[in-house]
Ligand SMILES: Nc1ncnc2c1ncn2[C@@H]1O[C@H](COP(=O)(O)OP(=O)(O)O)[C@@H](O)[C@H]1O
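Below you will find one chain, with nothing else, as structure tokens; this is the form predicted alone, and questions on how it binds or moves follow later.
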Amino acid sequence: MTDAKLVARDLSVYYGSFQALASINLAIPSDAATAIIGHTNAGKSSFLRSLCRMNELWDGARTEGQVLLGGENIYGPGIDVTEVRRRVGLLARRPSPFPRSIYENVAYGPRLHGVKQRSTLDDIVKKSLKQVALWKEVKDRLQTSALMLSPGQKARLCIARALAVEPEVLLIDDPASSLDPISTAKIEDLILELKEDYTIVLATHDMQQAGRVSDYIAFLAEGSLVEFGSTSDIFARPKDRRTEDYITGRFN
């Protein structure tokens, strides 16, 4: 396994009195794609949000334990939360572009972090859209509303928006949600390309998708980590019966 970019230590998440995650210990490898699998309400989305301090935006949410990013606890005192969210980008389950132009969607993050020069913003927008294979499709309509894009294009635009601030980690929650097969294939191809340069963590219900794009798999059940390993080992030689039942479709 490569070095870990993110490490969860005794990570627990609560929403009021409900415990969504229970003492998760997991080292996420750098420059690879790790799929988080599990049934509905297993804690997949809560885990992703905890890696970039987005859970605290929810009323009544509480996080315990540590998440180490490059060896530093993102929940430690004096941590700049805005900087954490720049370094760890999150693509939500249903990507929602801002009600602004395509250009302004991508330029928003760099502007927020102090980039003012138009030529620099132009370069960032172009580079980011090229990274997600969207540039050729939208280069002649950058000033049109992002809300006019197709669902698949919106998903890629939101990834471009995250990439524009040069993150180290990209979190993707259920990338196939509400997308047609062609758009899903484009997102999967994009993940395969991006994992060469970024640490990617994706939550997915689709076992075939996990097999196609991930290098490692973590299986969650009822908020606990059941098993973690290489994708090939998890599919061929799962160590826990619950993992085997889930990936073979026998999980109830």
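Heads up: residue numbers just count along the shown sequence, starting at 1. As the structure is a computational prediction, the values presented were derived from the model and not from experiment.
Keep in mind that the form predicted together with the ligand is not shown, yet the notes after this line are about it.
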### Query
Thinking of the ligand in the predicted complex, which stretch from 66 to 74, 185 to 193, 26 to 34, 41 to 49 has heavy atoms inside 4.5 Å of it?
41 to 49
### Query
Does at least one non-hydrogen atom of Y15 fall within 4.5 angstroms of the ligand in the predicted complex?
yes
### Query
Taking 4.5 angstroms as the cut-off for heavy atoms, does A20 touch the ligand in the predicted complex?
yes
